[in-house]
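Next up is one chain by itself, shown in structure tokens, the form predicted on its own.
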Amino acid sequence: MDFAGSHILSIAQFERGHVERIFSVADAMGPYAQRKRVTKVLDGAILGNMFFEPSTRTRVSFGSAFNLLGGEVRETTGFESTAIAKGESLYDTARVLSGYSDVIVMRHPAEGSVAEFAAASRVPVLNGGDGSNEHPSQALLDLYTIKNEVAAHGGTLDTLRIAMLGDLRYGRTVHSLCKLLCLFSRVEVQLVSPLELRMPAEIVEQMRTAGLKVVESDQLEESIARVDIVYSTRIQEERFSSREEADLYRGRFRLNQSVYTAHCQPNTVIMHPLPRDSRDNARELDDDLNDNPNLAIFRQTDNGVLVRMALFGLVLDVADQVEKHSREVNWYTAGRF
């Protein structure tokens, strides 16, 4: 894969070497994400940030990543503010908006929609999530976080033990993460969900074919007892036919400090793609975990900026020019990170 000018649509595009290259570039983006240095390597470039589904972290972190590289961001949020609401096709939208941008990030509720858009685009398109299908940049930042977290305790991705909890049927973040884990060896995966919300069978088969040890279960306590990472997900209410249907599963796999202390190993890292559902009938990750040093959910969000900066740097072929166009910051940043 030649990153320069490429779309980033699916985890299937990546081999292990590609992932390692992204992580290497992400490491180099630290001083800029932490506001220790400023770079203008993308001065004059425009990102078209097109989000047709609600988003906080993905939309803002992609925009922040582009700004931190010196580029400008133009945003479109919701169908109602675009010509799509008037019946315009994705093809026509792509042809038009790619004329206004140097790169586009798109989120859309329909599976395959971002790939359809990319086929008509004149500039690289990055998938910010297409329905319940995939979320490649989230999987990359998750794996980058996992790598850093387990390394702090002497572990590696090739010996990873991870439990994924919650809505595994509709959770696109875990779909992409599972596919990405297939690039590594001796990985053990516990898939913990209600029967109706199990990981799609084709993804389970893909993992097993790749040599991963996969166990499916609906028992929380035994599944989180001997893992390096507990990765929790919320019930994807927007994928259900009604809120009442989603409520049948909400709160089934709650993790709080009491459960963690009783069943997890002392260094088990807690992750979540966010948003975590903090309503009383949900609380998949309770607020009483906020002071647990192994709660990595906000380190995840910080890492999202690094990984997305790396993707822009590689796709726009400036990853090796960042330092050349940099300087120290001239505003107060002490204590920020």
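These numbers come from a predicted model, not from an experiment. All residue numbers are counted from 1 along the displayed sequence.
Keep in mind that the form predicted in complex with another copy of the chain is missing from the display, and what follows is about it.
For the three marked residues, I46, L68 and G87, a heavy atom of each sits within 4.5 Å of another copy of the chain in the predicted bound form. Looking at V305, you'd find a heavy atom of it within 4.5 angstroms of another copy of the chain in the predicted bound form. Although the partner is absent from this view, L9 stays clear of another copy of the chain in the predicted bound form, with no non-hydrogen atom inside 4.5 angstroms. Taking the partner from the other structure, another copy of the chain in the predicted bound form has no heavy atom within 4.5 Å of any heavy atom of R250.
Although the partner is absent here, S223 sits far enough away that none of its heavy atoms falls within 4.5 Å of another copy of the chain in the predicted bound form. The chain is drawn here without another copy of the chain; in the predicted bound form, the stretch among 143-151, 92-100, 161-169, 191-199 whose residues come within 4.5 Å of it by any heavy atom is 92-100. Residues of 179-203 that come within 4.5 Å of another copy of the chain in the predicted bound form, judged by any heavy atom, do not exist; none qualify.
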